[in-house]
Structures are given as structure tokens and as C-alpha cells.
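Just the one chain here, laid out as C-alpha cells, in the form predicted on its own.
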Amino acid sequence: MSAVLTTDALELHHDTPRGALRAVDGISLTIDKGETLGLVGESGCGKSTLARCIVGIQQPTGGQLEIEGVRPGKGRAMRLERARNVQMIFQDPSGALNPRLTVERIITEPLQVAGIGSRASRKEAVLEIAKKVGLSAYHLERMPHELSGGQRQRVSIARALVLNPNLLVCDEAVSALDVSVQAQVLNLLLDLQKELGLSYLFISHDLAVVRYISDRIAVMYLGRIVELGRAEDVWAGRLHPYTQALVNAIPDEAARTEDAPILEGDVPSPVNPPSGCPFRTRCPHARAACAETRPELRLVGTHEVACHFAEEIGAQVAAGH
């Protein structure tokens, strides 16, 4: 299966008066055609920064990124080509949509910028994609403020899809919606994926939502991936204490283990991260070795994890403790 997206040791570091801020700190990922990779972690761990690097809003300071096997260039033609291959859906549809334009003009705008088609063909393309996301001709005549939150997010999805991209980056795309509307939008994304062969990078702080929609899950903490594998392997195995804590934070989650850690405190500053394992200051399993050496991703059982004591933790999870 061919990769739609590949990153190799991707970095985005900012110089600050206090030192280098490592927002994205060596991320290596692949997303295959038709696959959904879920990226989960708390606010401040670097998920959205990684997303902006992938779509070209921000430029990485190190590592490599390839889209459809090609490294993106910097000229206008290359930016337009990248936009046709990769589009982004943002968390807040109200802030992402121009309040002065009708829905039809909002969805049409990417085609105009890219110089695609005639006025008549663009109108036809907009009608077609609107129907795919559950919008009618009535909705196309409305202004964004006249629509519900779920309808506005459907407009955002339609705008992203009108260029026929291969990869959608969904950055907290359902977190601002009511639970019932979340389910509708998630199911819409799954239906569109099946119909159009789309690939998704689905970013969320909610591991339960990520589990529902994803083929594989990557758990991110302080700019790095700490656990990566098939969705059910990561969910059932939970070899990293941070992943355990994320599961334990889900209300009424039957999969929680009795002694699972509860997240306390905030994510450390990426300017001054802890020595060794970045999670050690919040980890109930931390020992001397954790302060001395930063664990790298390694295969443990069915998937990869960055933890010195993953085997021991996995045995505890398997035993239900």
C-alpha cells in the first residue's frame, strides 16, 4: 500500500529568550491511502503544530516530509499542488468560515484560487460536494451564522473536499460539537472515506473518539510519539503510562484498570523539558533510569512504545491491575 504522507524525524523548533522550544521533536509517521491515523494527546503536546507543518501553514526546521512521495516546494505552483493533495478541517467552524460570504461562495473559493474550471463547472462541483456532506441548495444560499454548528462543520468538510484531496487533516474537528452531532460528523467522515478513498490524520485529545474512527493510533506527548500501533492494540495494550492515564480520564470507561494512573499537573514546558523521559515527572512508574535516559520508540509485543518498563506495565494491564 502506497503512503499518502511520510514524515521522517520531523522537527519544528522555535528560538525563545529561554532557549529552544521543541514544539515538534522528531516525529516519524506514515499514513497509507484510505487509512486513518489518530493522533491523541493533551493540549500543548504539539498535535496542532504538527498538523500545520503537514498542510504547509508552518515550515519544519528539521527532518523530512513527503506527500505522495514528493517533498513539498515553496513556490506558488507547489503550494497550490500541496493544497490540492492535503486539506485541513479546523476545530471551530465559526472561526474558520468567512462570515461575509454565503456557503456557496465559501466552498467555491478554493476552486477559484486554484484556477479550476469555468463558473458553471465550479457551481456544479459545489452542488455535488454539498450533497455528499448532507447540505442542500437551501444551505448554499445561507450565511454561516444562519447554520447550526454541525452544519457549519459540514461546510468546512465540503470546502476541504472540493479540491479532491487525498489527505484530510482533521484538527479537533468534532470537539466543539454536541455529542450527538459529533457522532453524525464522525459517521459522515467514515462514509466519505469509503466512497472517496480518503486518508485522514485525525487529531483529538479524546482517545475514545480517536479509537472509534482510527485504523492506527499515535499517542503524542511533549512533541514526541510515545505509543504507536493498530487502534485496538494501543487501546487494549496501553503499554505507556500516559496512554493508560488518557484512558482512565474517559468518564465511565469500562476499559479502565483499577490502579491506572490519573493525570496530575500540566504538560511540562517544551522549552525546559524534564531530563530523560519527558513523562517521568507525572508518571507513577518513574525510577532513576527514567531521569537518565530518554526512551526511544521500540517494538514491544504488537506495537511500538517509548517506555523503559513497557513489558512490566503491559503485564499489569493484562492482569487487570
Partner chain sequence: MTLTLFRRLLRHPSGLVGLLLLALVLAMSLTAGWLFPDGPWTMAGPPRAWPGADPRFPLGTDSFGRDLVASIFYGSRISLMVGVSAAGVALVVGIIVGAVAGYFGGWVDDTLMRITDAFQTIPNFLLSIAIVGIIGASIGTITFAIAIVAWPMIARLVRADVLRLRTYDFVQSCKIIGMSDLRIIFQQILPNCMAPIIVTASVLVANAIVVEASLAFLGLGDPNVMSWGTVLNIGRQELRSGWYITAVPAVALVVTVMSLNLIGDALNDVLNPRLKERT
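Just so it is clear, the model here is predicted, and its values are computed rather than measured. Residue numbers count along the first chain shown, from 1.
Form predicted together with its partner chain: not shown, discussed below.
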**Study point:** Heavy atom contact within 4.5 Å of its partner chain in the predicted complex, the stretch among 125-133, 138-146, 195-203, 79-87
**Key:** 79-87
Point to revise | Triple contact flag 224, 236 and 284 to its partner chain in the predicted complex, non-hydrogen atom at 4.5 angstroms | key: no
Review point. Taking the shortest heavy atom distance, is residue 164 within 4.5 Å of its partner chain in the predicted complex?
Key: no
Review point. Heavy atom to heavy atom, is residue 95 within 4.5 Å of its partner chain in the predicted complex?
Key: yes
Check your understanding: Using heavy atoms and a 4.5 Å limit, would one call residue 74 a contact residue for its partner chain in the predicted complex?
Key -> no
Exercise for review: Report yes if any heavy atom of residue 102 sits within 4.5 Å of a heavy atom of its partner chain in the predicted complex; otherwise report no.
Suggested key: no
Practice item. Only one of 55, 29, 65, 290 comes within 4.5 Å of its partner chain in the predicted complex by heavy atoms, so just point that one out. Key: 55
